[in-house]
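The chain below stands alone and is given in structure tokens; this is the form predicted alone.
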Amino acid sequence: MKYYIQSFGCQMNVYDAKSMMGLLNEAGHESTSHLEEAELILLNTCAIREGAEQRVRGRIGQLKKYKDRGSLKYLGVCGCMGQKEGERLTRDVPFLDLVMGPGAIGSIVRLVDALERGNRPVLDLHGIDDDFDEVYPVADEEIVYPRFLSIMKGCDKKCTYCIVPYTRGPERSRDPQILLQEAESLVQKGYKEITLIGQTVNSYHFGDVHFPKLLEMVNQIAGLKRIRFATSHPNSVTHEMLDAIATLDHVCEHLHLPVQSGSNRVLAEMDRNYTREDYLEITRYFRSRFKAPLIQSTLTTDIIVGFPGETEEDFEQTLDLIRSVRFDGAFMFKYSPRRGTPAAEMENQVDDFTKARRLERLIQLQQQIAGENNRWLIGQKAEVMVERVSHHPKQGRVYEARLRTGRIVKLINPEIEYRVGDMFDVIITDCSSYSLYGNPDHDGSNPKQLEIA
């Protein structure tokens, strides 16, 4: 049977989709990139914000035409929204055939078999998967970056705004030997870079192996050139972890560390269990570990505006923190109430107009800082790895390549053709707030340090 999987949301969903692909392929099913060919369509969903759920519901409506035509036999909703909504989805969408939570990934073949036997709707919402420590087969496909490797699942933090602990369960870390086996298999398939992921990736611990030790173990895999990880929680950051980023040669010099708010009062209401002072100490220490005069480290973050009860003073404290840290990038969101979380029941919900106004100010400030940080890189040389190749009708070949520090560098129609995974040096020639532009530096010349206004 031909199937199509579309993922929404976080990197965990992308990883889960890859796992389902491997299992379905091994069972004799065939992946297709053409919706009109698919007999089975699975939407691997997110529930972190209301907008994510609305996109999924809109997508379900768009796919009904394939059910009406008869080409689509089975339509399923997987992931966090499936776990959260459960039977409500089958009542709201009578043509839906399958609803499953993230804990049912390992059962996907069994569930599809049930559909083919005529059972519908099929539900699997048991939540926590007992076989999460298994190595799922890797689907044979072209190498695509980023390539995720889940080292743990679930979350114990239970921030008052977040639905994830209720949809993915408590923290469970995978056996490091199994992780090394999975990572080595990816390298054998040709991957040069792997991103370790988890809801709170730096909370990883299995026996006496904690996150810094795991980084050291993965760093020793022959043929692996780059190691990334996401997403960290400030509560689980240690100096040992930051030292590992600075000293392990294959671990990239990038830390994504969600702060969510710059106000101690709001952080307490979110139940984040750290203060702005704690966060500033972490970021100062991280930056202090990189003294190179050229390409250094990058810091990125997540920020929520309009959390219940957030005042103008609270919001100004967030802006002040951004000015102090000078993040290289940020994911910025309006607070979205999630049914079943404590924050959704809080009084003093902030109105949509105020949230939108604050988000606009936040984005403007962060764009300004990111642009200034990027301009500092013009004229410098750094290593990139090609992630995507596209063809522009006027510009010709356009390559998107990534620095070790995570920034994207675009190369417009260079003389040499590259493939995904190729690594080489570039000279940064221009920038925007979001991207850098560069030219290959194959002659090994020393970069000219340009004066930046």
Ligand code: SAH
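Residue positions are given as counts along the sequence shown, with the first one as 1. This one's a predicted model, so the numbers in the text were calculated from it and none came from an experiment.
Just so it is clear, the following notes concern the form predicted in complex with the ligand, a form of the same protein that is not shown.
Relative to the ligand in the predicted bound form, residues R49, Q199 and T231 are all within 4.5 Å by at least one heavy atom. Only one of L255, I227, C162, V99 comes within 4.5 Å of the ligand in the predicted bound form through a heavy atom, and that residue is C162. Think of it this way: in the predicted bound form, the ligand has a heavy atom of just one of E313, D302, E87, D113 within 4.5 Å, and the residue is D302.
Put simply, S336 is close to the ligand in the predicted bound form: some heavy atom of it is within 4.5 Å. By the criterion of a heavy atom within 4.5 Å, S263 is excluded from the residues contacting the ligand in the predicted bound form.
Of the heavy atoms in R272, some are within 4.5 Å of the ligand in the predicted bound form.
Heavy atoms within 4.5 Å of the ligand in the predicted bound form map, among the stretches 218-226, 69-77, 173-181, 326-334, onto 326-334 alone.
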